[in-house]
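Starting off, we have a lone chain in the form predicted alone, written out as C-alpha cells.
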C-alpha cells in the first residue's frame, strides 16, 4: 500500500510539473518523508515494504534523471540497514529524508561559490536548459560584482530556457535568448559554457537536456571551456559495472501533433549524452574535478549502491 502523496508526486514528475534533477530529487525525498509520516503500517517490516513500494513508484517516473533513484536509495539504505522498532524507524526515515533535502539545497550554494571562481569579469557565458546549479554559479559571479553576460538557449521543445532567462533577468543579469540551432553561430562570442546534468556516468559522460552534446561539440571546436555543474548525487553508480543510462523519450505531442502530418513518426528524446572528451571540468559541491575522475566520486559517494 502506497500513500497518495507518493502517487501524486510521481505523476507530477512524469508530467514535468516538477522538473530539474535537483527539484525532482528533493520532491522524491519529501514524498518518502510524507509517506513515513502518514503510514498506517503496524510493523517495522510492513513499514519497510511500504516505503520500498513507494520508492519504486517514484523511480519509474523519469528514467534518465539519476538524482531520483539516488534520493530514494539514500533514504531507503539508511532505514534498511538499521535495526529499529517501528516508531524509531519512522523517525529515522523522516530525519533521513530531511537531511537529503537540506544537503541538496546546500550543495547548490556550494557549487555556486566554487564555480564562480572560474568566472572572470568580462566573460560571456552560454547556458542550455534550466539548471539550478549552473545558475547558482552565474548568479554568484554576478553578485560578486563580475561584469558578465549570458546567452541562453530556448531549450525546445519544453522551453526550459524561458525559465532560465526570466530568472536571470529578474536578478539583473544581462541575458540574451537564442534558438537552439543558433548556438554554433553565437559560440564565437562565448568565453565559457556552463550547463547542468541529469546524470553523470562513471567515465565522465554527461547526460543532459537534448541539444547539450551539440553545444559541447561547438564549444570544443571553438576551444571554449565547457563546464558542467552537478551535485554529487547526480553521479550514476550503476554505470561503474557497465549499465547504460536510459534515455527517456517523451510524447510526440510535445513537438507537434502527428495527425497534422499524416501520422508521420515524431521522435522526442529528452536527453543526449555528451562524451567526456568534450567536458573540461565538472563542478560539484565537493570541488572541481576532470570528467575522468567521475568514477572516484561514485565510489566515494555510492560505493554501497554499486551493483555486484
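Bear in mind the structure is a predicted one, so any value in this text is a computation, not a measurement. Residue numbers count along the first chain shown, from 1.
Beyond the structure shown, there is the form predicted together with ribulose-1,5-diphosphate, which is absent from this document and is the topic of what follows.
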*With the partner absent here, would 192, 216 and 283 each sit within 4.5 Å of ribulose-1,5-diphosphate in the predicted complex, counting heavy atoms only?*
no
*asked:* Residue-level question: is residue 294 within 4.5 Å of ribulose-1,5-diphosphate in the predicted complex, judged on heavy atoms?
replied: no
*May I ask you to state whether residue 137 is within 4.5 Å of ribulose-1,5-diphosphate in the predicted complex, using heavy atom distances?*
no
*Interface membership of residue 299, ribulose-1,5-diphosphate in the predicted complex, 4.5 Å heavy atom rule*: no
*4.5 Å heavy atom contact, residue 133 and ribulose-1,5-diphosphate in the predicted complex*: yes
*Please name which of the stretches 69-77, 87-95, 146-154, 122-130 has residues with heavy atoms lying within 4.5 Å of ribulose-1,5-diphosphate in the predicted complex.*
122-130
_Need the contact residues for 178-196: heavy atom within 4.5 Å of ribulose-1,5-diphosphate in the predicted complex, sequence order, or none if there are none._
196
